[in-house]
Structure formats: C-alpha cells, structure tokens
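Next up is one chain by itself, shown in structure tokens, the form predicted alone.
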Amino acid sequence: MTIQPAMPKSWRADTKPHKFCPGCGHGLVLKALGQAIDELGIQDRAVFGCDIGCSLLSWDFFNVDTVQTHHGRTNPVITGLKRANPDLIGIAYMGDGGGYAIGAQHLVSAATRNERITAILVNNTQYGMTGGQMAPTTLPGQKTETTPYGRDIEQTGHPTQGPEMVAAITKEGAYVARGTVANLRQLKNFIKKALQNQIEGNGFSFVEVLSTCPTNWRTNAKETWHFVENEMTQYFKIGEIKAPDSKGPEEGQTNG
C-alpha cells in the first residue's frame, strides 16, 4: 500500500495542476509561499491578494482568504485590510509590471510608510499575459515584442532594481530580499522570513523572485534555465538585502 504525503493545509488540491503556461515560474513561487504559510501555521490568519496579469491565475490556489485587485493596486488593498484588522497576515502578490510600473507609486508609498504587510513580486523581465512586451525589468539588449532589436537603455533607461530601491527608502524593521525559482529552498526561507517579520510587527517585508517565462522568451528548457540562472543574476543579485537587525542594504546583503 502506498501512503501519499499529506497535502499542505494552505493548498487547494482541487485546483491542481495550476493554470500557468508550461515552464512558468509562478507555480514554483506559490509552492514556496504555501510551504512557508504551513510551516508558520498562519493559514487561518492569512489574506492573499493577487494582481491582474499572470498573477491573477493564483486567485484560487490557496485555502486562505483571497482577494483579486485591480492592476497595480494589490499593495494598497492589502494595506487597507491590514490596517482594518492588524491581526491578519497580509500577502500582496504581483508581477514586475504591476509592482514596478502601474503600481510603482503604491510600492514606494507602502515601503515609505513601513506598512506591516508582505509583498512578493515575480520578475520575469517582461509583461507575460499580454504577449511579452518590455517591462521595467527587461534587461539591456533583451528582445521583446516591443523591443525587437533589444532594449536600448539610452532610450528606455536601465532595468528597475526593486529590492535595492525598497531597501533604500525603508527604515528600521523592514525585510528585503531577492530570491529565484532556481533555488526553492532559499526562496522559501526568504518568504518565510518576510512573513515572520510581519508576524512580529517589525515593518514592510518585500521579496522579489526571479522567474521563468519560456512562452514569451521563446526558449527551450536549457535556454530558459540559463537565462534565469546566469543572465538575470548578472544584473539582479540574489540574497538578503535588508533585515531588521541590519543597518542598511550593504550590511544586510548576501549573494548566493
């Protein structure tokens, strides 16, 4: 007789497999989040907010209270819920377009006010759901639907380095890190720390995750993992950037 492992409490078994494209990294990020929620035992207190875009496909992923927000408005929605009921554990889940473009002002404001929420931003260097256009995180020279000859930083500027920005504008108590779907154990640890930081009431918690999008990158499996493990990490450094017991981005940063 084969004994099946118990399904984590926070996951909805009837929604598996997930609805993302083959090779998409969102499922891996959500797996790490679900494990962190279960290990911390916060399923009954958690509220999961998801943004429009590929992120919205996570609206029925968890057995936790969930709200789908307008594009770029996930941070203020979760902030409002948290302020109305401080006992909740507010999780704002979004893509790089929702967090760094249309929702950039909300991310900056939440970080400046040191809101006691946890924001998780998935960075796949382009707008995934709408066909692969250039996003704030598109790498220099990267080809997208709107940059067919590669991103020209003289015209469009450099890619947004969100965690570094958040770390620079937050004060004491904030937790900021960047993980990757190429290292799930480390990623779960970062997300768990971000949730624990909220549980302790320290301050704003932010985790960016380097993720994959072979559909819009037009890459095979080998090319996909090379891009996320090598090319993306040349510009977006992996590690903890700020923690409550550190004095700033420099002392709190660990790469690898």
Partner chain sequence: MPSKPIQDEKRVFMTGNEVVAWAALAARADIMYGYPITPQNEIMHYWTRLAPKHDKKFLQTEDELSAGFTTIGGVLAGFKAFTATAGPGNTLMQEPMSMAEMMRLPTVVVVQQRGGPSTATVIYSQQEVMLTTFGGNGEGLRIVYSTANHQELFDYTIKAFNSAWKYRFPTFVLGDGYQAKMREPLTIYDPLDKNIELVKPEPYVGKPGTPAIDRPPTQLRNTFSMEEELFEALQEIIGDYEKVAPEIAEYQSFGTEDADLVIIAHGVVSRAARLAVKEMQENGLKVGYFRPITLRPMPVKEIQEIASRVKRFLVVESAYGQLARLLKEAAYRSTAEMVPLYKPGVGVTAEEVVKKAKEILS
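Since the structure is predicted, the reported quantities are computational estimates derived from the model, not experimental observations. Numbering follows the first chain given and starts at 1.
Missing here is the form predicted in complex with the partner chain; even so, the following discussion is about that form.
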| item | value |
| --- | --- |
| Proximity to the partner chain in the model of the complex, single hit among 63, 35, 224, 215 (heavy atom within 4.5 Å) | 63 |
| Answer option from 86, 141, 131, 157, heavy atom within 4.5 Å of the partner chain in the model of the complex | 86 |
| Heavy atom of residue 39 within 4.5 Å of the partner chain in the model of the complex | no |
| Contact label in the model of the complex: residue 44 to the partner chain, heavy atom within 4.5 Å | yes |
| is_contact(residue 81, the partner chain) in the model of the complex, heavy atom dist at most 4.5 Å | yes |
| Exercise: residue 76 in contact with the partner chain in the model of the complex, heavy atom 4.5 Å | yes |
| Non-hydrogen atom within 4.5 Å of the partner chain in the model of the complex for each of 52, 59 and 70 | yes |
| Stretch in contact, per heavy atom within 4.5 angstroms of the partner chain in the model of the complex, of 145 to 153, 103 to 111, 116 to 124, 176 to 184 | 103 to 111 |
| Within 4.5 Å of the partner chain in the model of the complex: residues from 205 to 238 (heavy atom criterion) | none |
